[in-house]
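One chain follows as structure tokens, the form predicted on its own.
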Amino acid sequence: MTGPKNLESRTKHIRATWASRCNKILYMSSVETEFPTVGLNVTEGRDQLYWKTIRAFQYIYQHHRNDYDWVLKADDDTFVVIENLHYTLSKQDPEKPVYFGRRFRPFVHQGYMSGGAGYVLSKEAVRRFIEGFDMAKCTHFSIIEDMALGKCMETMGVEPGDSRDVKGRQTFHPYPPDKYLIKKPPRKRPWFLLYDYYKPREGPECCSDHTVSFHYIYNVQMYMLEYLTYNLRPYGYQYRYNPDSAETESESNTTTPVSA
């Protein structure tokens, strides 16, 4: 999601970094440009974001419904590690009505996914979202895009998936790394931790080794994260854990009785 005024200051830096790793990327805006952007014929503004999101999914369903298994919605200030997104989705079925992201607790009974962190809908979830508006089961009842979409997901029987890793660490993040990695002294928690559906963690164990996204990442930070993610390694570095073997070990530990 972007807008005409952000193409130079934000969107071109996404194009130069993580967007190149997408299977297909569409830059959704209010007007069509040579960038290129898809013109959705909506008004710009934060209070119009849900309309833009609705129109974007309608466009994708109309023109690309046979081209994808999953659709990621991300803002123009979100950094995404596409390989980690692929891994997160690798054991999921796109024919099931499910979506993934940073799950928040309030306002919607089953919770909803943070818009800033990005969320990804299965092929079936997209189909049901479109059906919800075609059948008037879903409406534009709020300008709060992520919560309103979450309510439609609930109405249409789309389940919120658990995108945490095998150690229970989050993979989608609605703020930059420094908001999570630095463990704070006891205090009143900020809203985005109070909203977390699962018990929040702070400090180095906050975030998965296979993190998918961080939000509020701007031009310089975009290139910093790109470099740190894909280039910087200590000499002789080896992955500190294999998530597949960790998952197997975790399952073994929970199913094997311990002898006295």
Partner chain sequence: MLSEGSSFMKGIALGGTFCLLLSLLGSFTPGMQSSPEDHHHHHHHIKAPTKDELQSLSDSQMVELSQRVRVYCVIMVQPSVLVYWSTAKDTWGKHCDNAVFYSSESAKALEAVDLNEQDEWAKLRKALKHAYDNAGDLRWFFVARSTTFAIIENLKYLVLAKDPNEPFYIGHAMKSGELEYVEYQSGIVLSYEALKRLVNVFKDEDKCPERGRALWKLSEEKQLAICLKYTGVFAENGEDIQGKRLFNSKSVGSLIQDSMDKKNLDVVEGCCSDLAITFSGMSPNQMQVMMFGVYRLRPYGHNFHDSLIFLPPEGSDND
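Numbering follows the first chain given and starts at 1. For clarity, every value in this text was computed on a predicted model and none was experimentally measured.
Keep in mind that the form predicted together with the partner chain is not shown, yet the notes after this line are about it.
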{"query": "The single option of R189, K183, H140, R105 touching the partner chain in the predicted complex, heavy atom within 4.5 Å", "finding": "K183"}
{"query": "Segment assignment from 191-199, 23-31, 204-212, 53-61: heavy atom within 4.5 Å of the partner chain in the predicted complex", "finding": "204-212"}
{"query": "Heavy atom of each of D178, N231 and Q238 within 4.5 Å of the partner chain in the predicted complex", "finding": "yes"}
{"query": "The partner chain contact in the predicted complex: E131, any heavy atom under 4.5 Å", "finding": "no"}
{"query": "4.5 Å heavy atom contact, E44 to the partner chain in the predicted complex", "finding": "no"}
{"query": "Residue contact check: D162 to the partner chain in the predicted complex, 4.5 Å heavy atom", "finding": "no"}
{"query": "Contact label in the predicted complex: R169 to the partner chain, heavy atom within 4.5 Å", "finding": "yes"}
{"query": "Sequence-ordered residues of 85-123 touching the partner chain in the predicted complex, heavy atom within 4.5 Å", "finding": "Y87"}
